[in-house]
Ligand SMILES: NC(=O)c1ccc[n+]([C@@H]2O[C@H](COP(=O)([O-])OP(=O)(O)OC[C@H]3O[C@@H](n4cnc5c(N)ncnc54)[C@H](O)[C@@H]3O)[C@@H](O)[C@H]2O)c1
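The chain below stands alone and is given as C-alpha cells, in the form predicted alone.
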Amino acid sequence: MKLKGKVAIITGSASGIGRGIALAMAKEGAHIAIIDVNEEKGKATLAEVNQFTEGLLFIKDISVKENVNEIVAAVVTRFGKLDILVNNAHVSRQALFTETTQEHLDLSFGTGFYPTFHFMQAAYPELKKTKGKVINFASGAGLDGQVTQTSYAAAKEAIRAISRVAANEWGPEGINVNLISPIALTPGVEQWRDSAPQLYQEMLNKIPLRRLGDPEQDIGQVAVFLASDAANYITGQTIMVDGGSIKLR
C-alpha cells in the first residue's frame, strides 16, 4: 500500500492511461478524484476504483478555469487534503505543419496545456502543505518531432517547460514535479490496430521491447512510483515509459 491515505486528482481518468493510473493508485490505497467529460465511462471507472478505495467523480470541462478551481476545492473539502496531481487529459487533431490551424492549436493548448497550468496553480497551496507530487505528461511527438503532430507536440513541450520551472521553484517546499512520456495500448490505439494492422506492426517493430505499454501495469505503476515516497529525490525529470523508443541524453 505505497499510497495509503493519499489523495489524488487524475484528469482524463475515465479511460485509457488515466484509468490505468487511477486503478493502479487505488490499489495502492490512494483516494481518487476521477475527472473526465465522459459520464458513462467515468461512472464505470469510479465503480472499479470504489472496489479498492473511495473515489469521487467530476464530469467537468477542465478547459474552463473556474471548473478547475471548483474541483480542487471540492476534493480538499471531501478528503481534507491533496497529495497527488496527475495531469493526463489532452485532446488534439493531427495535421501537416502547413495545414495546422489556430483551431488545432487552441484545442491542444485548451485541453492539455492550460488545464495542466491551471490545476498546478490551484493545487499548489494544498501540495505545499502535504509536500505533494505532480505528474504531468510529455510525449514522443514533441521529443522526436513526429509528423502531423504540430499542435500536440507544441502543447506537450510547453507542459515540459512549465514542469521544469515548477520543479525548480517548488523544490525547496518539498513538492516534486515530474513527467511521464508513455506509449500505451489504449482503446483508441486498439481501434487503430484493428483497422490498420500493417501500420500497427510497423510501429511495433520500432519499439525495442516490441510491445505497447499496459495503461495500468506499465504506465500506472510508474505513476505510483513517482507519487510515492520512493521518488522523493526525483524532480524535474521526464521518465520515458515507451519500451525504449526514445533514449534521452
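Computed from a predicted structure; not experimentally measured. Under this definition, the rigid core comprises the largest set of C-alpha atoms superposing within 1.5 Å between the forms. In case it trips you up, residue 1 is the first one in the sequence shown, and so on.
Omitted from view is the form predicted together with the ligand, to which the following refers.
Enquirer: Given that the partner is absent here, state which listed stretch (94-102, 81-89, 170-178, 123-131) has heavy atoms within 4.5 Å of the ligand in the predicted bound form.
Expert: Result for this chain: 81-89.
Enquirer: Looking at Glu54, Glu202, Asp61, Glu70, which has any heavy atom no more than 4.5 Å from the ligand in the predicted bound form?
Expert: The option sitting close enough to the partner is Asp61.
Enquirer: Does the 4.5 Å heavy atom contact test between Gly236 and the ligand in the predicted bound form come out positive?
Expert: It does not: once the ligand is placed as it appears in the predicted bound form, Gly236 has no heavy atom within 4.5 Å of it.
Enquirer: Report yes if any heavy atom of Thr111 sits within 4.5 Å of a heavy atom of the ligand in the predicted bound form; otherwise report no.
Expert: Yes - in the predicted bound form, heavy atoms of Thr111 and the ligand come within 4.5 Å of each other.
Enquirer: Do Gly29 and the ligand come within 4.5 Å of each other in the predicted bound form, heavy atoms counted?
Expert: Taking the distances in the predicted bound form, the answer for Gly29 is no, it never comes within 4.5 Å of the ligand.
Enquirer: Flag Ala138 as yes or no: does it have a non-hydrogen atom within 4.5 angstroms of any non-hydrogen atom of the ligand in the predicted bound form?
Expert: The answer is yes: Ala138 has a heavy atom within 4.5 Å of the ligand.
Enquirer: Which residues from 146-185 come close to the ligand in the predicted bound form, meaning a heavy atom within 4.5 Å?
Expert: Going through 146-185 in order - heavy atoms within 4.5 Å of the ligand in the predicted bound form - the hits are Tyr152, Lys156, Pro182, Ile183, Ala184.
Enquirer: Does Met203 show a Cα shift reaching 2 Å between this form and the one not shown after rigid-core superposition?
Expert: After core superposition, the displacement of the Met203 C-alpha between this form and the one not shown reaches the 2 Å mark, so yes.
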